[in-house]
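For reference, the chain that follows is the form predicted alone, supplied as structure tokens.
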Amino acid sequence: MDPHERRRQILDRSAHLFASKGIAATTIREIADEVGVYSGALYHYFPSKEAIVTELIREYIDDLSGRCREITAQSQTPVDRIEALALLALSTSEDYRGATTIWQREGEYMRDRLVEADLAETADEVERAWRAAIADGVAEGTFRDDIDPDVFYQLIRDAVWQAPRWHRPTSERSNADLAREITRIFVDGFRPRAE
């Protein structure tokens, strides 16, 4: 097998094992067995289990932040930006199901890997994009100013972040449909009240 293909196979099988068993409970031997190689052969591709985790995070964060930059480079209303960011989160969760599941299960461990891999600043781009869209909406009067923007951000982020646990895109309800619904639910409650 081509070395790049083998590396990809190691990452994909590791993501599945980490997501189903947890990182600490997954051994190098189990990863090797899943890939069909001896344990020692894994070290030709990655120096440790943590290096595999770090690479999974790097792929996920690089793609997520790159797609986030594309959204923030567009001229959109705050509501449209929030919907685009919700769709981005849902789509990226679908594209990187293993990394997303690992992150949801082992958030503190993953955050530590981010810091060690010097990816924390890159990962924080997405949070800044959400917060900027919310702040812009408050500033222009699209959103209420009597609701703490941090509370709004935390609630909508958690709703979007947890959705992949129960939502699988189908022809009847795509990720775009769910992003639109989540945005409507949260944004309509954040709009100024008619007096």
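Everything numeric here is computed off the predicted structure, so don't read it as measured data. The first residue of the sequence shown is number 1, and the count goes up from there.
Another form exists, predicted in complex with a further copy of the same chain; not displayed. Remarks below refer to it.
With a further copy of the same chain left out of view, the stretch that reaches within 4.5 Å of it through heavy atoms in the model of the complex is, among 146-154, 59-67, 46-54, 33-41, 146-154. The candidate site formed by 29, 75 and 123 is entirely out of contact with a further copy of the same chain in the model of the complex, as no residue has a non-hydrogen atom within 4.5 angstroms of it. Interface residue remark: residue 4 is not counted as part of the site for a further copy of the same chain in the model of the complex, having no heavy atom within 4.5 Å.
Using a 4.5 Å cutoff between non-hydrogen atoms, residue 162 counts as a contact of a further copy of the same chain in the model of the complex.
When contacts are judged by a 4.5 Å heavy atom cut-off, residue 127 does not count as touching a further copy of the same chain in the model of the complex. With a 4.5 Å cutoff on heavy atoms, residue 176 does not count as touching a further copy of the same chain in the model of the complex; it lies far away. Using a 4.5 Å cut-off on any heavy atom, the residues of 84-115 that reach a further copy of the same chain in the model of the complex are, in sequence order, 104, 105, 106, 108.
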